[in-house]
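The form predicted alone is given below as one chain in structure tokens.
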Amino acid sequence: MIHIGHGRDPARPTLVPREEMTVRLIHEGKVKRVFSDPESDERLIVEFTDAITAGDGAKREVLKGKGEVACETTEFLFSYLEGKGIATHLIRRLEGTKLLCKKVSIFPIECVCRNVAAGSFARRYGLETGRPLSRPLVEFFLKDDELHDPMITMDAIVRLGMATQEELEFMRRVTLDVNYYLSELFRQVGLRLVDFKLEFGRTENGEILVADEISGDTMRVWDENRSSLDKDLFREDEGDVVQAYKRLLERIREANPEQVPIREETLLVHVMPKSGIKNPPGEVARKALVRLGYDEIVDVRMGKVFEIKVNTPVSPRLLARVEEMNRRLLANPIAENTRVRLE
């Protein structure tokens, strides 16, 4: 069972004044600092700095105002996603460039979703920048600057113990959900979401949440003229990054989240008899197959598959309700095992 955090009040949070208190620096990354929350061991304070980097940190500058606009964009988009039922680590905005967040352990992988060929993807396959993909593509990358964040397969992630197969399926599905909701919001104001990266974290009680940030630092976004409103301007030395980030935020604030419909989701619930439990339907099928000449058949076990369509994003609440469905109707917990597949 995968535990995912429940959503909170979808109303956009307001700035919360906070008195100076003793905090402890826990981690300092390339563009953010993470501090302890003196009021709770289950929360952290994330501070956005004015630093901006590219090329695994090889290129770095400090741009006044960048931290503030990245913080505001992350607050706005995380709050929007929460309102659609997607769980994030955001609790509320604090003063300045700080967010109060749930404490999570970040998975050492990045989930990248692509809608259009650009950047390293276009270079990798020799594609023209701007070529639309037939459907959104999710790729996983190892978070390691020294190794230049190499692409990594789901099997390798599982074998190395970084995440389970179920956790990766969940992250992939949520990434696609985030892609849908961001793309639809941006489309209202004439913006195109080219690609973006997400990071996920696990709370102490096993909940998996969208974490880190969503801003011009972590997305490629084009306007009607295919002009970048993201970090590509810094990578290519092509314009005022902070002003572009501000234009991006101004544009998406003009969109109406209520006009973005909740899309229908499909889950597959596989129910199979437990090992050692007799399975008469499977035995009947085995004997029939042998009579038809398929004498290599040793065993057949028959189960059930339920295709469940819901009008809510994949979330902890949904998975908890599916588990309840299994106990009450879909499966016999004494004799059968179940697995929820997020295709």
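Keep in mind that this is a model prediction, so the values were computed, not measured. One-based numbering along the sequence shown.
Below: the form predicted together with thymidine-5'-phosphate (TMP), not depicted.
Option touching thymidine-5'-phosphate (TMP), based on a heavy atom within 4.5 Å in the model of the complex, out of 141, 76, 222, 180: Answer to the contact question: 141.
Contact residue in the model of the complex, from 92, 235, 202, 251 (heavy atom within 4.5 Å of thymidine-5'-phosphate (TMP)): Contact residue from the list: 235.
Region of this chain that lies against thymidine-5'-phosphate (TMP) in the model of the complex, out of 262-270, 113-121, 242-250, 202-210 [heavy atom, 4.5 Å]: Of the options, only 113-121 has residues within 4.5 Å of the partner.
Residue 188: touches thymidine-5'-phosphate (TMP) in the model of the complex, heavy atom cutoff 4.5 angstroms: Looking in the model of the complex, residue contacts with thymidine-5'-phosphate (TMP) do not include residue 188, since no heavy atom lies within 4.5 Å.
thymidine-5'-phosphate (TMP) contact at residue 167 in the model of the complex, heavy atom, 4.5 Å: Residue 167: no, not in contact with thymidine-5'-phosphate (TMP) in the model of the complex.
Residue 107, heavy atom within 4.5 angstroms of thymidine-5'-phosphate (TMP) in the model of the complex: Contact with thymidine-5'-phosphate (TMP), no.
Residue contact check: residue 82 to thymidine-5'-phosphate (TMP) in the model of the complex, 4.5 Å heavy atom: Residue 82: no, not in contact with thymidine-5'-phosphate (TMP) in the model of the complex.
Stretch 199-218: residues contacting thymidine-5'-phosphate (TMP) in the model of the complex, 4.5 Å heavy atom cut-off: Contacting residues: 217, 218.
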